[in-house]
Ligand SMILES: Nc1ncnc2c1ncn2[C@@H]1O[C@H](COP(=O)(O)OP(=O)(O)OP(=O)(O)O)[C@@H](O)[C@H]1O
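Presented below, as structure tokens, is a lone chain in the form predicted on its own.
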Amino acid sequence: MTSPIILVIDDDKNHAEITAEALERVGCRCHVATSGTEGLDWLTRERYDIVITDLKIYDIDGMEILRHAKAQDPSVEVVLITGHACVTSAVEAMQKGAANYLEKPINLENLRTLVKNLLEKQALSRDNLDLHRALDKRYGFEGLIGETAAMQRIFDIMAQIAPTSATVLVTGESGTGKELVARAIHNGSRRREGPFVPLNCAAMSGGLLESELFGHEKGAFTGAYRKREGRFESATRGTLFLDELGDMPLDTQAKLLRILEEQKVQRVGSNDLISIDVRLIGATNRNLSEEVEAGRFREDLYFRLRVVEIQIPPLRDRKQDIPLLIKHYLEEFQLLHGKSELTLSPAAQKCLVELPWPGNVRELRNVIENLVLLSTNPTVELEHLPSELIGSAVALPRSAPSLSAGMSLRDAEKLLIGKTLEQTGGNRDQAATILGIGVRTLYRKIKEYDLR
């Protein structure tokens, strides 16, 4: 087992070394810093389990150490050492994320007990995180659902890039879950405590889009009655998600490129540059390489955005995930709407799996919510599905390549009845309804064609 590693920051060198020695005797590894600047330098080079810092340091105080430590790693525990007069400040620091505080002179036994408790709490939290990651690896990543090889590859990429600050481009058809991917990456990053700010670029004209992105000064244009910060400023120390950025005008693209390169933004109507600290995740349902070829998207911006690209497959290409998604959405909407447990018959589920789903996961989610809200039976049968879905499912066999010109009517009828029975899971009443014939006629045809 790896020994826990602790950073002790105190401008009283003797006090710092005594604190470190007391913890090393119980199996901890300690680094000692005798100034705030040295402490911040250690924090950028090493990952610590616990930081113990004096609240009053001559160059950088403990509150600043706390802020930097938590920004670097939100799981780190920070303990403040304070004189009696600074207890109020220490309590304020605890409200901002510090684990605890100790008054000088430190009781070394109390210090060891506190560190032991914090390490146990940390170990439990990390065990729970490992468990969730194991479950996510099998069934999803931060709300994404999928066990197909394509989705598992996406989860692997997301796990690798989430802790970094790399710019990410998420591509895929509408409804595939591009914003879910962006939120999952944000939640798995060191910026998770910061804001996640989404903006749909296709929903705004060029002028309004620039005002939303960059902000504006009072009087910058007609209707600008007050100063307003843009989405870049709002997303500082967090993530900005630009959806449908393939629809962004070329002149706005040029300004976006400059911001990404300089990490500075200029409000509309201002000459001042404002420093920002933002991770950008972009998404589009367009083929940006084709947009570049057509002159509708800047090539330099395309390459700047495409540091990492995640391509989400359409739902029709990962049918194996549909039963998992159905189960997930049934449970979600039953809980949300206070409905009793609902299940799908094998025929109904088979129908949903075989559909082309042009609206992808979003469309499936809406269908399941509709079923939860409107179903009056505990089991959803094929005939309970929306009529347009059943029509789509029945259309599939008719366009199947096995039905072709030159085939006899007898063979075509036999094939169509067989496919419909297969589609309904052998339910003859449902098959007769879909085929538009009587049940007795269907029984006779089954016997005539020897369909079992």
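Everything numeric here is computed off the predicted structure, so don't read it as measured data. Note that residue numbering follows the sequence shown and begins at 1.
Beyond the structure shown, there is the form predicted together with the named molecule, which is absent from this document and is the topic of what follows.
**Q** Within 4.5 Å of the named molecule in the predicted bound form, heavy atoms considered, which of V292, I276, M94, L180?
**A** Residue within 4.5 Å of the partner: L180.
**Q** Taking 4.5 Å between heavy atoms as the contact cutoff, choose which of R190, R228, R112, R365 touches the named molecule in the predicted bound form.
**A** Answer to the contact question: R365.
**Q** Among 245-253, 172-180, 342-350, 264-272, which stretch has residues whose heavy atoms lie within 4.5 Å of the named molecule in the predicted bound form?
**A** Of the options, only 172-180 has residues within 4.5 Å of the partner.
**Q** Does the named molecule get within 4.5 angstroms of any non-hydrogen atom of L144 in the predicted bound form?
**A** So L144 counts as contacting the named molecule.
**Q** Find out whether any non-hydrogen atom of M204 is located within 4.5 angstroms of the named molecule in the predicted bound form, and reply yes or no.
**A** Looking in the predicted bound form, residue contacts with the named molecule do not include M204, since no heavy atom lies within 4.5 Å.
**Q** Would L325 show up as a contact with the named molecule in the predicted bound form if we use heavy atoms at 4.5 Å?
**A** Because a heavy atom of L325 falls inside 4.5 Å of the named molecule in the predicted bound form, the answer is yes.
**Q** Given that the partner is absent here, does N285 sit within 4.5 Å of the named molecule in the predicted bound form, heavy atoms only?
**A** Contact with the named molecule, yes.
**Q** Hey, with the named molecule in the predicted bound form, do V8, C86 and Y101 all fall inside the 4.5 Å heavy atom range?
**A** Checked in the predicted bound form: no contact with the named molecule for any of the three.
**Q** Explain in one word, closer or farther, how the Cα atoms of Q160 and Q72 are placed in the predicted bound form relative to this form, where the distance changes by 3 Å or more.
**A** Between the C-alphas of Q72 and Q160, the gap widens in the predicted bound form (3 Å or more compared with this form).
**Q** Mind checking the CA-CA distance of Q72 and V181 in the predicted bound form? It differs by 3 Å or more from this form, so is it closer or farther?
**A** Distance between the C-alphas of Q72 and V181: shorter in the predicted bound form, by 3 Å or more.
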